[in-house]
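What follows is one chain in structure tokens, specifically the form predicted on its own.
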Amino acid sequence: MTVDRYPMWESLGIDLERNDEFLGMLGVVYPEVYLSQPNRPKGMAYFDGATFDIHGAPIQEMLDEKKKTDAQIVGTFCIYVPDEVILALGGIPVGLCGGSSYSFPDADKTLPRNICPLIRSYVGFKMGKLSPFFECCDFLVGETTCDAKKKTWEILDEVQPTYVMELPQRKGEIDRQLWRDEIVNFIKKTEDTSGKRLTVEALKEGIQRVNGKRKALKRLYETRKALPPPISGKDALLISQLAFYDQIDRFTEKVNAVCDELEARVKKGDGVIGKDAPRLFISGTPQVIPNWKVHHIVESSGGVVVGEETCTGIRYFNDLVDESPATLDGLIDALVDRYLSINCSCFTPNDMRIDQVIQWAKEYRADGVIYYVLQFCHAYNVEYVKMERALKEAGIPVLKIESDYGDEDTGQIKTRIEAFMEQISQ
């Protein structure tokens, strides 16, 4: 990856030298992980380009749109924040989670080191002025999915305006009302900052656009159920990761285009790996660009990842928002119901998530499940106790991998995954 400087980087105040260094590192890793794969779908060329220019064209595009339409750019960290509302009020939503250890030293000046790598990463990107995504946002939206995040928002708010949505921990009627109030308050916040007022027509259009993206991703993942799969797990993961950064309508179009190619492959029985390759399903914490470690280990060891029950996988797009209500209150209720249906480990009890993992592992014809947990993510770590028991009762082998964004444990993880694949192949 060559680093072509954009004029806006300097105007945004980011650290140019370290931004170049980070992009240069990405340029070394990406060809090894992605471009070395045989028989890749031709449609992946678009997503390769989007990744290579991730700090460039998307930022320029957002800034141009802001200048042209006065659109506000809203940075989010969680799939519970309703993009539909941001879009309906003329804004641009963009994901800000971090997937690299490069920014850890910058975070460690403020945060304790024994904290979730995802939080540590994005706080470091902000504090070190390493990300143009942060610097072009008008405000950030956090949420209360874990204690570490709740306290981190207080720190971020000191350097960039950060609005916080309170997510309930249960799914009863009281909790639904709390979440409805939170979405209504978020609408008011976004109205006030944009100077616009939400209408039925605008919200319905926002819902339709986001639903279109979800449908395209669902279509992509459906092809992975084929035997053999027509796309690698790494490529499918990359597409779903870019869903948080790319312009929504173009992204939807490009995903549907690659799905046309994949569906034609399925009809011909053309796969990226043999039918006998171990098929693994990933469950657990999100995997954000450039966190491709587990997928790369699996697929460079003769296996294939066929699906992810994560925030960067099926959980992100599985349910659609009902588009039929004719009133604003009805559409808001539809948003409430859809987002509260997401089964994050922050909820208690959370048996629905366990049931979903078993169901999806079977649908994707997985030979086994890798339960992937980021270090210090206590909710997912503790929930593994019940998840392991349920998977074993269902006759589904499971391997727990706990890791961070560094490469120090790559050899150990590779040994464990290879042994697991050998076990489930017998």
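Residue positions are given as counts along the sequence shown, with the first one as 1. Given the structure is predicted, the values throughout are model-derived calculations rather than measurements.
Note that the form predicted in complex with a further copy of the same chain isn't included here; everything after this is about it.
- Using a 4.5 Å cut-off to a further copy of the same chain in the predicted complex, each of Lys151, Cys346 and His378 places a heavy atom inside that distance.
- Stretch-level contact check against a further copy of the same chain in the predicted complex with heavy atoms at 4.5 Å: of 133 to 141, 305 to 313, 166 to 174, 250 to 258, the positive one is 166 to 174.
- For the residues Val184, Ile155, Leu227, Ala264, the 4.5 Å heavy atom test against a further copy of the same chain in the predicted complex is passed only by Ile155.
- Here is the short version: of Thr199, Gln356, Thr110, Ser301, the single residue with a heavy atom within 4.5 Å of a further copy of the same chain in the predicted complex is Thr110.
- Among heavy atoms of Ile115, some come within 4.5 Å of a further copy of the same chain in the predicted complex.
- Within this chain, Thr76 is remote from the site of a further copy of the same chain in the predicted complex, having no heavy atom within 4.5 Å.
- Proximity of Lys66 to a further copy of the same chain in the predicted complex: non-hydrogen atoms within 4.5 Å are absent; the residue sits far from the partner.
- Heavy atoms of Ser194 never reach within 4.5 Å of a further copy of the same chain in the predicted complex, leaving it off the interface.
- With contact defined as any non-hydrogen atom lying within 4.5 angstroms of a further copy of the same chain in the predicted complex, the contacting residues in 374 to 389 are Phe376, His378, Ala379, Asn381, Val382, Glu383, Val385, Lys386, Arg389, given in sequence order.
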